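Encoded as structure tokens, the following chain is the form predicted on its own, with no partner shown.
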């Protein structure tokens, strides 16, 4: 099958998908809210699978409650299980917020979860506990869909119109905890008060505990999220995701906040756009340290240009991640021969403009690893960039894999991989160049020691 054949061929099934289930993304998003417990309305297996999956990437404990459907709930509905589960969670955790997400099972049997939650509110004294619901059947989207649905549902449920407080809202998308910490540091250095939705920089990459805590430290407090309606603007690093799931657009429509939907700030040009936007709202220039980070990155581009120019890359993952990396690769002279992400976003519609001038760049939505293997045979990439799920294919084709995004199961430190801003781009650039050099050494009969 060629690239042109693939684009016209019917696809009736997904084989070895690049993407994960929607409740998983919702659980990660809810984990970025202080004292919030994710809760799945469905089978216990869904919660177990998501806990196991996220723990192997973040290497942190993660509690996810469940309605724990059995045969009776599956046939007659899970109202009793939901009520019992929520009461248990409130009693044992005293959470500030319970982030409820539906699963394929509860959606398939037609459970009216919003109505059940409202009935629960009327029958129980919730105290200070907030309930937020996101509908996340996996057959209607990927983990990224679930992530954005949870963010949007939280903004809808909590943000109220208040007197302007001078801060801004930032929806960073599904990036690493280390990248979120970097964004927070920029805001701090510029004197910006930012409400991040979500902020799992500590909850999913925290310190060791001498004793058990019901909730990890960190996350954006509910009180801060309630003030989002009084911010000066919203910045969303999710340009290619479904615009219908944009929390920034919702806040613009309901509270009149200017919404900026920009791409992931990877590479000099994209990072400049993000930094200029923050600097403008701060009313002050970037501190000298960031200017020097930018200068060092440009110097590295010059130093390594001979190693990367014209080399072909295959990028897969979440839509914003893929296009952010694709733009960066074009910036450094590499050719992103294949960029593929999940369906449901706005990838194909904007890719042509963003990758204008990049020859042989192919952008596909919804390709699985079986498709990628077929297309890679024709495109012959020099390197893979994406999650560890591409390891087997990269090994089969004999090309290096730079692990980035979610999930990274076969290496330590997936939560600390950075690509955002000048410093994150510098780390990514070095990793790509060194992966190419290492592969060249390994393939050489001579064994170069000076390259």
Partner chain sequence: MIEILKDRKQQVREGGKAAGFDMVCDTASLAGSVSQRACVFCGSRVVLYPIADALHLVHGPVGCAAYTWDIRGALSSGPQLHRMSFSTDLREKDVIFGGEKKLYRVLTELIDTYHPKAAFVYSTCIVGVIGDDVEAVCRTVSREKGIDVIPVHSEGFRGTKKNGYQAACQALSRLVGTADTAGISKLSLNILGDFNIAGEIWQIKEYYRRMGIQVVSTITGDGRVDEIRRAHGASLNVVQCSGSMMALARMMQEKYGIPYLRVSYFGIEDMSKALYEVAEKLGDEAMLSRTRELVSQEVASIMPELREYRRKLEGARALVYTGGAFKVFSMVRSLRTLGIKTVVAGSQTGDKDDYRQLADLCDEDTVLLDDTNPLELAKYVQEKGVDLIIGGVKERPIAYKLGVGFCDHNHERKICLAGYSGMLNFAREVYTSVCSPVWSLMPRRRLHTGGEQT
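Positions refer to the first chain, counted from 1. Nothing here was measured: the structure is a model prediction, and the numbers come from that model.
Keep in mind that the form predicted together with its partner chain is not shown, yet the notes after this line are about it.
Colleague: Its partner chain isn't shown here, but in the predicted complex, which of 265-273, 323-331, 204-212, 111-119 has heavy atoms within 4.5 Å of it?
Modeller: The contacting stretch here is 204-212.
Colleague: Here the chain is shown alone; which of 290, 369, 281, 250 has a heavy atom within 4.5 Å of its partner chain in the predicted complex?
Modeller: Of the listed residues, the single hit is 369.
Colleague: Does any heavy atom of residue 88 come within 4.5 Å of a heavy atom of its partner chain in the predicted complex?
Modeller: Close contact exists here: in the predicted complex, residue 88 approaches its partner chain to within 4.5 Å, heavy atoms only.
Colleague: Are any of the heavy atoms in residue 309 no more than 4.5 Å from a heavy atom of its partner chain in the predicted complex?
Modeller: Close contact is absent here: in the predicted complex, residue 309 is far from its partner chain, nothing within 4.5 Å, heavy atoms only.
Colleague: Would you check, heavy atoms only and a 4.5 Å threshold, whether residue 193 touches its partner chain in the predicted complex?
Modeller: Because no heavy atom of residue 193 falls inside 4.5 Å of its partner chain in the predicted complex, the answer is no.
Colleague: Examine residue 301 and determine whether its closest non-hydrogen atom to its partner chain in the predicted complex is within 4.5 angstroms.
Modeller: No - in the predicted complex, heavy atoms of residue 301 and its partner chain never come within 4.5 Å of each other.
Colleague: Taking a heavy atom within 4.5 Å as contact, would all three of 130, 156 and 174 count as contacting its partner chain in the predicted complex?
Modeller: Zero of three within 4.5 Å in the predicted complex.
Colleague: Just give me the residues of 120-149, first to last, that have a heavy atom within 4.5 Å of its partner chain in the predicted complex.
Modeller: 138, 139, 140, 141 sit within 4.5 Å of the partner.
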